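This document contains two forms of one protein chain, each encoded as structure tokens and listed individually as structure 1 and structure 2.
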Structure 1
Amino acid sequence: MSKKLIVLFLGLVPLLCTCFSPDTPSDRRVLVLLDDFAIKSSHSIFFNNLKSRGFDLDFKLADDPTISLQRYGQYLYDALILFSPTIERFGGSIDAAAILDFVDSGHDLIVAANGNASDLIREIATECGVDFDEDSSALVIDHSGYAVSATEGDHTLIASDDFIKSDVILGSEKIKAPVLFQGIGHSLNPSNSLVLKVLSASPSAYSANPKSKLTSPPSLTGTSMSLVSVVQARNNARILISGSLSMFSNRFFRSDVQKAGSPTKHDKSGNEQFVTELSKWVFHERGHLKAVNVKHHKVGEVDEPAIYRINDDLEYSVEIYEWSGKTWEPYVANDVQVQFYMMSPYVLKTLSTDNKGYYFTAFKVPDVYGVFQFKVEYERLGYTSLSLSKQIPVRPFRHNEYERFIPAAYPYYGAAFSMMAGFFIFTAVHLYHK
């Protein structure tokens, strides 16, 4: 059984992204690059949380000349955390291109910037589709959504609770308290389908330099500005980009929070829950789907044919599982569709499910021959995209698969045979009846 499973997994490797070991898509080895080692202790809750979830963290200074992401063409890490917002140039062989290659080969990335984020960090973010405010001294300011604190500040510490509505990304449990945020905002290109606003700014927020007087309209304002965003690349690598490094800090995790204008005061900010859930998503502990056992066969048969005939009845089935962090759990949904596709879908059917991850349907091959594909294109918010396609040719009838005698043609058969008989009789009479 296990052998069979392995074979199936191996078969699916090209379908899923190639980087994850198919059994455990979660990341294991994580490289953390820091500006200085003080962050290791000031953000220890976050790191310990990761460690307790089984991650193997490797802390390095960002300008350490010995760091490298890969050796002999093999990546040494499964994920990268960049808590080094001010770094101008990485040590060792790492540069922006190396990090982007790391992502493009299917690895995950967490980037945290803050008020004085370097061009390098900005460039990495831009390449991922996140545009930080170009004004390097700008911070997000919100005069109505700030967090109430003992000292009257410049309203750059924001308590935000405008989360993305997705159980997959933020967990099924509601984030209990507003999230404290202090840092820079960014904008997203609305046409970019890969990047998602996870925490957006309130309508009254804007991005400007809090120390100077505001003389022109700020470039980023309101809800179009995003505070924390995630990217799921086409190869399902996930990236978390936050404009605030302190969002991950112990201080913010433990701090109480009261949003301005709100009577309730929470003992503990939502940061810990928010960041933990988000990191679970980024590190593929949630929302990672796999499809196995794609099968199709004629009704009443078991084996998969090499070719179908037009108007055949067939059954199609696929099993879809979701990674829970430890095991593959059946994925339950009622909106998985299969297409029977040749340049355009000829059949589009919603798959029925037994709620144990098994999806199936049956349909008739259209009366068109050609090279078709069974296509499952399943793209849902927060889930890895499933894109299965299986090529199958459909042939016309064989010469002996047509009806031999058509009832409608009996008059013609009769005409032909009576003609022959008549001719025979005529010939006989004509020749021998003198």
Structure 2
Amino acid sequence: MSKKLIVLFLGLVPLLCTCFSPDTPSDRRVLVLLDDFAIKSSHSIFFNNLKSRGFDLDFKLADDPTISLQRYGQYLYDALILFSPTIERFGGSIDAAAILDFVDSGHDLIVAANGNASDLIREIATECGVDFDEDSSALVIDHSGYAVSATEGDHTLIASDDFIKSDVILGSEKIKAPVLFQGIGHSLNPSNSLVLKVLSASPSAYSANPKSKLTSPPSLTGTSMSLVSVVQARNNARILISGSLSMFSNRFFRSDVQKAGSPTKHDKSGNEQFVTELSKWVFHERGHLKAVNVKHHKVGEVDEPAIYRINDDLEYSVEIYEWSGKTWEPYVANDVQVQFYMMSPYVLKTLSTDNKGYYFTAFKVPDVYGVFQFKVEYERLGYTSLSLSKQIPVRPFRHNEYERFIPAAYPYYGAAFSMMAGFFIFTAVHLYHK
């Protein structure tokens, strides 16, 4: 029996060692669920790109009865890719609730749909703050921003270049060629502030059945419709939702593209660059922050005290780094702030930086005693949020710590001594004056 346990433990070691780690957030295992193994070859450029960046991909059919996200309470994977838009029911122990729990545990998710998206995929997207068009036969149509192709009149193949303006999410290198998109559009849940449009539809786009005439106004139109969206949850898990599985395909990666009305024809679409840069963000190869060496102490001292006194001069410092995909690099910004907080912030200071990841400031403890906190709540578009908190009590002066003579009380001192002097003068005059 003991030998069986040892063999089982040794079998689990490689799985546990490759899991997500705060020290190497992009060194992880990824489960890829497919409708058909043919997708593995038709989308091989995307998968090979992930492998070249150090990801360990595990391909399985979505209805495989053996698939599981966790074993013995431990997650076997750190990210999940759903390239199975038509699946009605997952195999094994996976269902919509299991996938949402996977995200709630801090893991990442990529979902790609198409015109045949199942109710299961739509349910997962809805829970993430994205609502696909309810019409199952609808596709995104654009009579002004379509891609010029050999198929005359096919305006469901869209060339979109309305990207989110964020170097963190899409990289610093500009995507020059439009992205080819063919699939379904979606809207963002207005009550979910965590969802962002990464690729938006043009003002002339709408969602409808391309094979039938419109009998009523389409539910999704113009720039309110999103083609590709991302979510960064409050636990820093990241989700990518695309209405087009073909957007990740080799055919779209290698295809030339010319947007209707534009004289410029690009030899290669922007799909590969767009998807590559976006996947780097989703898998925490960019925009992932960590804070270390949080310190505070009195000015002129080094050790962190157990308690401060009102009006003490103190210094606060923290080091912040960003993961570059391979190493931790210093994070440079001018908007990191610290609060000295008790019920509300008594002190709010912007931290100075040496441009090497070290942030610092100095301030005076307010003339209020109680239990305070040093708080750093840092949220910036595209970056993981930082929430730092250190509790410290603040005491008033002891009875023997006040100044012997308080300058503000000099008038009262003068009044007392003048009264005594006047009393002696009055006494002397009264006794000896005849």
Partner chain sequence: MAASDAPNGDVLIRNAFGSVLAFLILLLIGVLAFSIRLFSVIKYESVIHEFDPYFNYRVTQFLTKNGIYDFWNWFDDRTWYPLGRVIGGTVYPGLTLTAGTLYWFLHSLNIPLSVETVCVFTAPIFSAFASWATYLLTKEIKGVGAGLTAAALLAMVPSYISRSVAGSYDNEAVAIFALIFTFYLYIKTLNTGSLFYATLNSLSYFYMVCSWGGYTFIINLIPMHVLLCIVTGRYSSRLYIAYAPLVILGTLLAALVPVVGFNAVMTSEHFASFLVFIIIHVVALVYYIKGILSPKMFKVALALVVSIGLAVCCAMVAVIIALVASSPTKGWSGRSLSLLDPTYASKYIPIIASVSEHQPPTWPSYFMDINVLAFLIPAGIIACFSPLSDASLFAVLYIVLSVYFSGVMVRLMLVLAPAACILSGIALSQAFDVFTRSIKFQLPSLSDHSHIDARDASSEKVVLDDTIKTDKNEDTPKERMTKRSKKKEKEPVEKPPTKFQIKKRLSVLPFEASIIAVILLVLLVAFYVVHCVWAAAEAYSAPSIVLTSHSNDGLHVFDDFREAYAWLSHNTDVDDKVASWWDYGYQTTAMANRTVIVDNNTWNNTHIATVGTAMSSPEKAAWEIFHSLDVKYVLVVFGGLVGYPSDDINKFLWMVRIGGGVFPHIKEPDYLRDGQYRIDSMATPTMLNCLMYKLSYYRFVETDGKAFDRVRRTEIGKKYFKLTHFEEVFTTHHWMVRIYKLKPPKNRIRGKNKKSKSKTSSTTTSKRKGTRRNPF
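Predicted model only: the values in this text are computed from it and were never measured. Every residue number counts along structure 1's sequence, beginning with 1. For clarity, a rigid core is taken as the largest C-alpha set superposing within 1.5 Å between two forms.
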Of structures 1 and 2, which one represents the form predicted alone? 2
Please indicate if residue 33 and residue 124 belong to the same rigid part of the chain, considering the motion between structures 1 and 2. yes
Rounded to the whole degree, the smaller rigid unit turns between structures 1 and 2 by 31
Using a rigid core fit, what is the CA shift at residue 404 between structures 1 and 2, in angstrom? 2.5
Where the rigid core has been superposed, how far does the Cα of residue 416 end up moving between structures 1 and 2, given in Å? 7.6
